[in-house]
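A single chain, nothing else alongside it, follows as structure tokens in the form predicted on its own.
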């Protein structure tokens, strides 16, 4: 893919309106300087003196941020947040990225999902990450909230050229009823779904599992990536993308598969959030009129940028992609 191809895709992507349905999360990074730690008088522990903190959108929110960074005309996330300190930060992050939060439903009975990552530094240059602190919901959406979410999804999808789906959490916003609606929408306009545990349930939609998720969707049978893509495509009745990390990705359409290699990137790399970048870049290119194979190639380029952003769930700009050509 040369610079002319990339410029064409980016220019056309600037005319694309996106609906993103899924679990918007907050990523919290708390940097503790252990040189400042003093033994607690009350407990036999050295506390973590947090000297820096930073927050960014995670999960489906990171995909939305990637759409915005790529320069699409508009991205409309459809999700649910709570009424807590994390919800305030999510709203701030959306506003800072220029993302329309009008289709994000607030429910005071819900927890705003968040991944808190305590990072310790000391005398050396080593940075150590403690076990993550996760805020999640452990019960389904209420019927009232689900109906509000369904109405928001239908309204946003009607205005969109493409619908991206981030189905990440066990008790997240993609309920069976919401998924059924997405599968119906997929009969009329492109829906591209990313789901950790329920990828095979998205009928009519383009699905984007990684190789591990694809194998799990087929009962754990190791049939090879291209064979798995064909089988999943038969099950869903739509094209399939299977990503294989640093290797690249397979695109399957109408029973034919093609492998699209990734750009070779030297370590160190950080793959956190790379799937969100891939989803956003693929959808932007595909909705802009590119073929599935070409859109996968563009998505691979976008990921080559974000995996070099260490310690953040990064986004990618048009300038950064052009610099790779």
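For clarity, every value in this text was computed on a predicted model and none was experimentally measured. Positions refer to the first chain, counted from 1.
Omitted from view is the form predicted in complex with a small molecule, to which the following refers.
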Please run the contact check for residue 274 against the small molecule in the predicted complex: heavy atoms, 4.5 angstroms, yes or no? yes
Hey, in the predicted complex, does residue 196 get a heavy atom within 4.5 angstroms of the small molecule? yes
With the partner left out here, check for me: in the predicted complex, does some heavy atom of residue 244 sit within 4.5 Å of the small molecule? yes
Check residue 137 for me: does it contact the small molecule in the predicted complex (non-hydrogen atoms, 4.5 angstroms)? no
Within 4.5 Å, heavy atoms only, one stretch in 248-256, 98-106, 182-190, 126-134 touches the small molecule in the predicted complex. Which? 248-256
In this chain shown alone, the residue from 16, 307, 316, 10 with a heavy atom within 4.5 Å of the small molecule in the predicted complex is 307
Contact residue in the predicted complex, from 32, 28, 69, 262 (heavy atom within 4.5 Å of the small molecule): 262
For the small molecule, considered in the predicted complex: do all three of 92, 94 and 112 come within 4.5 Å of it, counting heavy atoms only? no
